[in-house]
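First, one chain by itself: the form predicted on its own, in structure tokens.
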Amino acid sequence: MIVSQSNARPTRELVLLGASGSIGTTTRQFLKGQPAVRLQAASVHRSLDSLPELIALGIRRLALTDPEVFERNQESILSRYPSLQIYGGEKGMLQMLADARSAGADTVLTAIVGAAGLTATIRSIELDYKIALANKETLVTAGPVIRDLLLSIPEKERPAMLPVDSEHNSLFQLLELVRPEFIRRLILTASGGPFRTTPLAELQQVNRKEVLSHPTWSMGPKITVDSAGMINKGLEVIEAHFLFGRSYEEIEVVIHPQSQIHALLELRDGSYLMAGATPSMLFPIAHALMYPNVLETAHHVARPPVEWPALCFEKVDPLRYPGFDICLNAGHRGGSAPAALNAANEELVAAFLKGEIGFCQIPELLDETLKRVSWFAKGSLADYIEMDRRARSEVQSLLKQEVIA
């Protein structure tokens, strides 16, 4: 099990990786009402829109992970904020993590989208940060490496790692309440995305705007596309497998369109425990940052159950969501298969967002990519990174064939 909370302490000085994304934006909102938590350092990739707010929150260090953005903007940013230390590229971000730790930062919230969060997570473990993990691709790409690295550290010295995904954070809270032998199954919920009731014959014609119109959550474009095809939920199953040390047979997904219940535990006697809240990332972000302390004041988005919509649950339809089963198959295969899955999916979603392929081509090309790449059962970090590269290369070859065809 990767989740580790015994050494967790409430966050006092935070490093926020991915400060300009949807998780980063919600984290900034939370920090405005938490004077006890100071934002010491942050990273953004390309967008500088959040910079004034980050400065107002007191950052001393900023990493611009896109090297071109760093080169273009370093001097102008320093002219406006001469006391700010600026780092460029991925190596710069890793150096920022080390410098911030030396200056007293105690927590890293990894909200970087995609496999790019992997090296940052590993470096944060090495630096003994408390890690609030909002980057599922880290565990999907190299779950065995992260697990082995954490387990190689004596439990009394092991850095805390807490999940920030709403479903996994809810599972974590439920699991703290129940003795393990009582539990039969962990259940993640999924909204079903914008096409839950769309006739199957019409899915081939859906456009970019429709795919990005999520019914209950406001997220970045990549995760919104993943959610529309339930690939996001398949990745979350793989993440849950590593986070909680449960077999894939012990993890289930149900569609819950209202997004009020985020996770359930099925107990051995046939009863269920549920974790529910208004669909807002404020809840898991605040819980992970402040754990093990209790927040005494309800979030402004909180609503009592009498104001919730009627709740319903449905099975996942494999015809409507073929990408979901592709993810589960990769998880069952294990080894480097999830790494190839994640890398290929990132490339295909990027191609869809650029208008190069249709929405329904994502699972088709994803399946074809996984058939073409060879995989291994166990390897080093370098091996998993190489699998990531090979899968991306295979996707690009397939995309060229699609254009020619």
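Residue positions are given as counts along the sequence shown, with the first one as 1. It should be emphasised that the depicted structure is a prediction, and the values quoted were computed from it without experimental measurement.
Heads up, the form predicted in complex with another copy of the chain isn't pictured, but that's what we're talking about next.
A single residue from the set Leu84, Leu151, Ala103, Leu295 has any heavy atom within 4.5 angstroms of another copy of the chain in the predicted bound form; that residue is Leu295. With the partner omitted from this view, the residue of Ile125, Met219, Ile251, Val254 that lies near another copy of the chain in the predicted bound form is Val254 [heavy atom within 4.5 Å].
Contact annotation: another copy of the chain lies within 4.5 Å of heavy atoms from the stretch 268 to 276 in the predicted bound form, the single such stretch among 196 to 204, 128 to 136, 89 to 97, 268 to 276. Taking non-hydrogen atoms only, Lys156 never approaches another copy of the chain to within 4.5 angstroms in the predicted bound form. With a 4.5 Å cutoff on heavy atoms, Glu75 does not count as touching another copy of the chain in the predicted bound form; it lies far away.
Although the partner is absent here, Leu264 lies within 4.5 Å of another copy of the chain in the predicted bound form, judged by heavy atoms. By the criterion of a heavy atom within 4.5 Å, Asp317 is excluded from the residues contacting another copy of the chain in the predicted bound form. For the marked spot (Gln173, Arg184 and Pro304), a heavy atom within 4.5 Å of another copy of the chain in the predicted bound form is present in each of the three residues.
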